[in-house]
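Shown next as structure tokens: one chain only, the form predicted on its own.
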Amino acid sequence: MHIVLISTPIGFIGSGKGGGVELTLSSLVNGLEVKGHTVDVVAPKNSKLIEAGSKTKLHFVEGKEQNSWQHQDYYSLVTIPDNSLLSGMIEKAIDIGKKADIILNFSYDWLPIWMTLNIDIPIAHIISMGSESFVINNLISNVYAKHPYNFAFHSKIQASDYPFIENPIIIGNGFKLSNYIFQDCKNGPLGWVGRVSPEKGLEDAAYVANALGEKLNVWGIVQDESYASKIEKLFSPGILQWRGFLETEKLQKELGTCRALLNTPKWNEAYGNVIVEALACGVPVVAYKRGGPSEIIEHGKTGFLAKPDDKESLLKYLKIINKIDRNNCREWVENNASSDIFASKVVDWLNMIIQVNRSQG
């Protein structure tokens, strides 16, 4: 196939602003390349595809970034700024798509989903979040009525946010495993990875580290400075060790030394990329049983699932984390979340859309 990918309009690939979408897109590109498909990626200027080979073309677009729906009110109106980056990316993708088989959209936003009804080129959508917008939710419902195969989700729990979708297509996620080195470090530090913003619940992980009298290594872009400052003031000085946003190669080296990863979201994560990255390094995870992570972690085998928002439960499980065989963690990723497995699921899904589109044409 010849596939055109539309990246997130929140920030350039490699900035960290796009969260897990950046890693998902890069991993998928690698998996598609290995399978011999032709890939064009439309992305904001300054984007970098570390995993891409010479066959993948990266097309840059300049413009004003979109605000993430994750940080807007559920009933907010759709806004398209002047010199819109998203509009420019869609225009570029459609132009390239005239000679391609399908467009694959990674942007959780109104415009690309609406375009599904208005061009002949099929557009598939990997929905990266739960229901975060009333207007987008309604649009997905309307488009789904006419194109029921054009939406895919990372987890069953995420898809349940869209009850009007019958038999949702679940594709999971996947990563290039050679990028992650297994480390058997049962006496290492505690770790936390993610965008530093309120919905990620960093304060709960800090509470656990503080209760143990330990430091907590924090990797990720600080998206909300006031939130980060507030957490620092709640606990003893030096508890939070700010490690910043690191590219995969550096992150996995440091993350792999941890004896456990804490995952403490206050909202339903669609999947949980950082959990899989930790498992790939052999690091067990203690997480709230909420969203995608509850489908990834095998309780008692690759980590523990705590009652949502129950910090004492996190603490209890962390005290017995060394009962987890770190080899189980790596094995789960190899069997369920490699870039090859992920790409195969996506290819099967895209082929189905193409066949349906041709039969209707």
Ligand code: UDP
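As the structure is a prediction and not an experimental result, all values here were calculated from the model. Don't overthink the numbering: it's just position in the shown sequence, from 1.
Omitted here: the form predicted in complex with the ligand. The next part is about that form.
Contact with the ligand in the predicted complex, defined as a heavy atom within 4.5 Å, is made by all three of Lys200, Phe245 and Asn273. Contact annotation: the ligand lies within 4.5 Å of heavy atoms from the stretch 219-227 in the predicted complex, the single such stretch among 103-111, 76-84, 219-227, 206-214.
The partner is absent here, but in the predicted complex a heavy atom of Trp267, alone among Tyr149, Phe182, Trp267, Phe235, sits within 4.5 Å of the ligand. This chain is drawn without the ligand; in the predicted complex, the residue among Leu251, Ala124, Ala280, Ile127 with a heavy atom within 4.5 Å of it is Leu251.
The closest non-hydrogen atom of Gly19 lies within 4.5 Å of the ligand in the predicted complex. Though the partner is left out of this view, Val346 does not reach within 4.5 Å of the ligand in the predicted complex, counting heavy atoms only. In the predicted complex, the ligand sits within 4.5 Å of a heavy atom of Arg195. Although the partner is absent here, Ile353 lies well away from the ligand in the predicted complex, with no heavy atom inside 4.5 Å.
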